[in-house]
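Each of two forms of one protein chain follows alone as structure tokens, named structure 1 and structure 2.
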Structure 1
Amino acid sequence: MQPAPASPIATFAARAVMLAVVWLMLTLGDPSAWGFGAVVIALVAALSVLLFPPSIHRLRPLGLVQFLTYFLGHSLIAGIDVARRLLTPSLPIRPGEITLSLRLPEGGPRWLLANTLSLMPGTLSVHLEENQLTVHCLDTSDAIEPGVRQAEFQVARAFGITLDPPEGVRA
């Protein structure tokens, strides 16, 4: 099942609505800002469709909520983890890198995963090429790969993608 990308017009309209909501927040609903805002929104939406054409991967509301819950929880763990290491006199870190094969399709999903991992406990996305993601780890003795796979699963669910069987997982 391969859904077709949305038409450029529909994408333009959807992004314009999103930008309008952001503009509404930025200007706190000041009516005098709408004239300028309308022009900027139209230009930015048009530019975004040119630069980032409609994709077959769209965020699902339910999956997005689940992803955000996961993200907030793990942001908290990540911050506390770094603080704990910093406050321990022996500075318990064992930095290193691992490279993994991603199962997510390219484009938005991979990009979201790479950026998410930089804010998750112990991982920092260093290099993404094709489906090979290199992650810098704060502590290589931690179980890094299960964490990355969990984040990958969360991103896939946010986009409504079913992942292939985990061939990249090394036991």
Structure 2
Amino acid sequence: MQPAPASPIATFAARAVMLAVVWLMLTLGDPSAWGFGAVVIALVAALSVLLFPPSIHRLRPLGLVQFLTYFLGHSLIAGIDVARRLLTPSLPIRPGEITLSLRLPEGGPRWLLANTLSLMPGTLSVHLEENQLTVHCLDTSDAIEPGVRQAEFQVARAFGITLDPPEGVRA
């Protein structure tokens, strides 16, 4: 039996609290900013519930920590690789797109994977429809699919979804 998705009201409240924490940090706790901030927080939380309704897939704390560790490490490595390519006089890039079939379920897990790939230097998610994800890559001569499969595995782990790990990745 699958867990039921959270109610829209509970989801709105949880997202509003998270946005309030972000607002508190951005304004350094300035009380004069809360009037405008409360309106913005309510609108953004409501819009997020409309665009991204509650799902049965929830992030797991340990999986989220593992995912963030993976994301930060691979973002650094990818950033160094992009800088190396741009600083090399021969500019070793072959831009292009690849389309992959995803194993993740619809909703939050697929969106997190697409956005994760967009935030990593050298890749950009350009189209997500059903289980097909098209990724623009800086160099199509590189092995892109293993990297996407590793990111997919990390996202699955963050949500507590069981996927077979890609080759060379320990479960």
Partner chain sequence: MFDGLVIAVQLVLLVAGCVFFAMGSLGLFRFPDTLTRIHALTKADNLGLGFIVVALLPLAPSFAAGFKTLLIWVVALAASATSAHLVARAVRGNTVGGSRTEDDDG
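Residue numbering: sequential along structure 1, first residue numbered 1. Not measured: the values here are computed from a predicted model. Between two forms, the rigid core is defined as the largest C-alpha subset superposing within 1.5 Å.
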Structure that is the form predicted alone (1 or 2) | 2
Pick out which of Ala38, Arg149, Ser55, Leu24 lies at the hinge where one rigid part swings against the other between the two structures.
-> Ser55
Could you check how many degrees the smaller rigid part rotates against the larger between the two structures?
-> 19
Superposing on the core, what C-alpha displacement does Ser32 show between the two structures, in angstrom?
-> 8.0
Taking the rigid core as the frame, how far in Å does the Cα of Gly122 move between the two structures?
-> 2.9
